[in-house]
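Look below for two forms of one protein chain, each set out as structure tokens: first structure 1, then structure 2.
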Structure 1
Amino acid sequence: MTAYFIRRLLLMIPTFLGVTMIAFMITRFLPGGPLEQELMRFRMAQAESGGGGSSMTQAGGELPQEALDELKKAFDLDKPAPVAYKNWLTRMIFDLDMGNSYKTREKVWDAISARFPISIFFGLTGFVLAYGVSVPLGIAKAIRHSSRFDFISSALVFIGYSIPGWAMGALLLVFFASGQHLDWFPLGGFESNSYDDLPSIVKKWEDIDDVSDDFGSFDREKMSLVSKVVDRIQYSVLPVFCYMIGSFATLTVLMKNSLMDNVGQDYVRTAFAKGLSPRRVIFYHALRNSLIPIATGLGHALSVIMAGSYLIEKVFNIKGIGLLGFNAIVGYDYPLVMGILSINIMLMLFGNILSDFLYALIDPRVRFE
């Protein structure tokens, strides 16, 4: 088994190289890149100014070759694609340098790492809630198979699965945040504008004698913490629901089918024949083996570091990894696109290996050769 995992680790190298090379080549040859955008802005500026009098222009309103070469060098487009990819890969591996954003000139790693807290928050919350709801619901559906509860819950699960998260987000905003129907939640964002001022707002209350007397020895720091928690929950309910709805449906059906498959096995029939109670047979014998395909998905918990749906974060205007990637793709910010892609690929590859390891650890019958 050790040899298997060593081979899997070694296979990560060509996989990573292949994915990043293809993506890098695509960014080099896509039309409408940063160089074309700069030239377009230059031509529009020339058209607005009448096209004359600029020492930087040639006949026809085009940039001189020297200025064009400087632009290519600034966007790292002055070298052939294979050479540019080799330079990018060398800098990333040996210097941990993913380059600078074309738009903001900020370091790519700094731009990504600044969004980590938001991504980890939504990733962990959605991950925990998806498993926490799906596993009990799948067990209940398997126990009550073909009942009214099973049919109703299945309909709701598959309706939720058929609606994309971003489309569900738009509907939720219309009905629960726009004020046209209900105004229970904010329209978007990650926290309120006064979130950082909540401690100082509570602190000011101490200067008011009447309020201070009314509250007595109430701990205002705890009050501030509660206010922040409530604020964060208000801004998180709708996005988290949209994040988890797809995986929630998949995990629920997988849990139900896995438990029903194990209930039909010979060892379960034998346990019933011995006179064991249905609760003990299902929850002590069948459930343990049914959780194996569910538990192996825990290996992908590494991906929560970069969790973020491009369209969901766009709908809710959440400044996380997803919105950062969306803006990078729309704005042809190729260094940022490559940085996000590279980190995602590495986390997915390590997550797959961790899932295989958990599978072998949980089920002693599994032997990788």
Structure 2
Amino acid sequence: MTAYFIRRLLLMIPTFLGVTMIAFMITRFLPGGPLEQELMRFRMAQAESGGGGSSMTQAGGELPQEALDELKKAFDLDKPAPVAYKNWLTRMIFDLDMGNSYKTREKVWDAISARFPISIFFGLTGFVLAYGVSVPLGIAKAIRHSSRFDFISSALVFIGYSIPGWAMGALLLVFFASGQHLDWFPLGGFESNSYDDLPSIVKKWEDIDDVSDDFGSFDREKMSLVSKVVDRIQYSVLPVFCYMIGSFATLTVLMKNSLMDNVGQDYVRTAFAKGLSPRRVIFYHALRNSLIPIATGLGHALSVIMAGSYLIEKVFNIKGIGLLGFNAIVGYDYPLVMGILSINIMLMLFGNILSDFLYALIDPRVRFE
């Protein structure tokens, strides 16, 4: 089995190379690449400077040949595509340098890593909550199959499944954050602008909510931590809910069906025939087996956690990776596109292997050869 996982790890290399190579080639041949963008920028600058130098305007906004060559060199466009790909690859692997964003001139790695905490926070919270709610809910539904509780929870879960997260987000904002109906949550963003200076915010709340007596006894540091947590929760309730709402249904129903399948198995009858209590039969014998399909999903969640969601991030004005990736594609910001793509592919490939590994770990029958 070790051989199997070594083989899988080795197979990641050609897969990664294949995907990035294809993506790289596409970026080379699509119109609207970096040269065109530079030209555009040049022309805009010229237009702004206006009639300052009439000779220049007459040149028709053309860049001098030397400058053009220099630009080409800077973007590796003077070399054939395979060589450029090789350069991009070696720079990334050995220097962790994925180039600079065409737009902001920022290093790609810096741009992405600045967004990591936000995406990981939302991804992880959503993921933990989705599993934390769906697994017990699925178990409860299986045990009370066909009861009123089962029907009502199914209805709720499927309504959630059928509403897109961003639409739900817009709806929630109107009702709970706009102040038109209720004003429980902030309209968007990741944290208060004065997050790093929060005790003062608490002061503000003290005024509003009149809880000064309770908070008054806290020392400054503690207050700062508590208020930070409160702040974080205030900002994340709505977006996290929108992130998860779609995955509730699949996970809950998967858990329910998996457990019900297992309760109908012969070994459950054997367990009852041994004189075990129903609690032990269901929560020990059947549950252990029914968690197998749930646990194998954990690996795939790895890539989902990082991916973020453009639309939800847009609605809540969160600066996450989803939004960054979307803007990069729309803006032909190829180094950034390649950077995000590379990271996502790595996560996906690792996620798949992790899934198989978890599968082999829980189910003793599984032997990968």
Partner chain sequence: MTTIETPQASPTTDAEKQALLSVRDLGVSFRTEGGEARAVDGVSFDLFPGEVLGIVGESGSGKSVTSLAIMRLIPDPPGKIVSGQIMYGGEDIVQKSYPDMRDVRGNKIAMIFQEPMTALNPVFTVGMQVMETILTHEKVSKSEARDRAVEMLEKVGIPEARKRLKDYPHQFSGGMRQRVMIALALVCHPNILIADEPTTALDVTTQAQILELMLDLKSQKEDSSIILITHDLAVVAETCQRVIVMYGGKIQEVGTVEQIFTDPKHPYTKGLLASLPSTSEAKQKRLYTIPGNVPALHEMPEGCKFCTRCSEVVDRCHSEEPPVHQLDSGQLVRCHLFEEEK
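Note that this is a predicted model, so its numbers are computed, not measured. Residue indices: 1-based, along structure 1. By rigid core we mean the largest C-alpha set that fits within 1.5 Å across both forms.
Novice: Between the first and the second structure, which is the form predicted on its own?
Specialist: Structure 1 is the one predicted on its own.
Novice: Taking the rigid core as reference, does I152 move its C-alpha 2 Å or further between structures 1 and 2?
Specialist: False for I152: its C-alpha shift is below 2 Å.
Novice: How about T15 - superposed on the rigid core, does its CA move between structures 1 and 2 by 2 Å or more?
Specialist: T15 C-alpha, core-superposed: shift of 2 Å or more.
Novice: Note yes or no: does the Cα of F75 move by 2 Å or more between structures 1 and 2 after the core is superposed?
Specialist: Yes; that C-alpha moves by at least 2 Å between structures 1 and 2.
Novice: After superposing on the rigid core, how many Å does the CA of F29 move between structures 1 and 2?
Specialist: Displacement of the alpha carbon, after core fit: 4.8 Å.
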